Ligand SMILES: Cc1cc2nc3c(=O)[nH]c(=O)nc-3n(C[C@H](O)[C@H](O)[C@H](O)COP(=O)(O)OP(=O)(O)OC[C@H]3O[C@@H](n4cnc5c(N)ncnc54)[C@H](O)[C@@H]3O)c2cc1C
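The chain below stands alone and is given as structure tokens, in the form predicted alone.
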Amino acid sequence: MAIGLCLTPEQTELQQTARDFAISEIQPLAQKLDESNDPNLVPWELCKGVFCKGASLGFTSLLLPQELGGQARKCIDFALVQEELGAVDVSIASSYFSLSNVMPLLIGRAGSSEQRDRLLSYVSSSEAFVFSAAESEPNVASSDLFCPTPDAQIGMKTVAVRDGDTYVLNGQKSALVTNAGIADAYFIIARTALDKPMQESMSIFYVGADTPGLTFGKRIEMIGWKASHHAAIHLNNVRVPAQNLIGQEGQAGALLMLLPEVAIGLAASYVGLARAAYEYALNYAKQRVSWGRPLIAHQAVALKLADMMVNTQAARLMVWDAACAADTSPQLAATVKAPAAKTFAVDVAIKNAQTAVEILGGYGVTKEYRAGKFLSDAWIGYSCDFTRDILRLGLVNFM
């Protein structure tokens, strides 16, 4: 069977549209946020307009089937867009565009026909809609999701109790929840039976942002991702209609396996960051002169740049491979290829950013140059949506 790595004319056009949008709309916004020292600045207030423009271009409905209002594009198309957005600002790409593309798929793939009609109506109306997914808790390790010990005492404490035709949710999610406090809707993971192991009792609920009892902590400051918004979620007797339970009770673990695109979108965004760090260092090395020659003419620098290019290409190919698998073999994508692509792409982004800092020398650690931003942004990917180590330990189970 022939393997083609060339983009179609339609994909090339989509890629160029995403690149033009990122440069013209996201780049000046990201620069403004990076240069701001205002502690009261809420990035989403500035990002919302750009997000809406991206939504109008179709960048938030790439994956949904056409009958649900989406474009029914392939996952590789999604990866192409995410790389272009991530090359300009990985936080905007990952926090806003990636999540808003992927989370509706959970309703499309696991929701009832009533849920699809009701909860995805915003897509056909071309309304910009931001999602958040909340699993992690302040005093519970996210790696507990992978714990093989069938102990009901291990794992998250957020609970959902059935009360007639509603569920009542109580608990707290950690301050690391992406888009908490600004999202239009939340996918909250809670346990519907505390006497069963977490893997058997986790359930997913769709919770509107205006639901009584749902409150949020203050925005937490990250070392990077300045455009993003992370905060704690507090659930105090949050009453959710029973028809907002996605799937069945205890199915959260299985349902999350239906979304390899979560890791693929993040991985593609980080390929963008890795590419940006490489191109930035390459441009600097061609202009900066040392010993009467451009830096790139020195073998020590040239070899580093070559490694950056090779590793970026390797990460991109891993993402494309995972994206193809998402369309043809979703279980393989979810268990092996998507987590492998995510961990490798983040590793490459961190290495490229670090190398960019080294090539820029003293300028690499100043805010006047972008190398430091690349590195700060890159390191957030290490633990975003589970750490590198826990993801790799998990995929070993399916090798």
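In this text the structure is predicted, and so the values were computed from the model without any measurement. We number the residues from 1 along the sequence you see.
There is also a form predicted in complex with the named molecule; it is not shown, and the following applies to it.
Partner proximity in the predicted bound form, defined as non-hydrogen atoms within 4.5 angstroms of the named molecule, places exactly one of 238-246, 105-113, 219-227, 321-329 at the interface: 219-227. At the 4.5 Å threshold, heavy atoms of F386 reach the named molecule in the predicted bound form. Using a 4.5 Å cutoff between non-hydrogen atoms, L395 does not count as a contact of the named molecule in the predicted bound form. Although the partner is absent from this view, E135 contacts the named molecule in the predicted bound form, with a non-hydrogen atom inside 4.5 angstroms. Interface membership of A302, defined by any non-hydrogen atom within 4.5 Å of the named molecule in the predicted bound form, is ruled out.
Contact annotation: of the candidates Q199, S142, T211, Q71, the single residue with a non-hydrogen atom within 4.5 angstroms of the named molecule in the predicted bound form is S142.
Taking a 4.5 Å heavy atom cutoff to the named molecule in the predicted bound form, the contact residue among N101, T312, T178, S203 is T178. Along 359-380, a non-hydrogen atom within 4.5 Å of the named molecule in the predicted bound form is carried only by I380.
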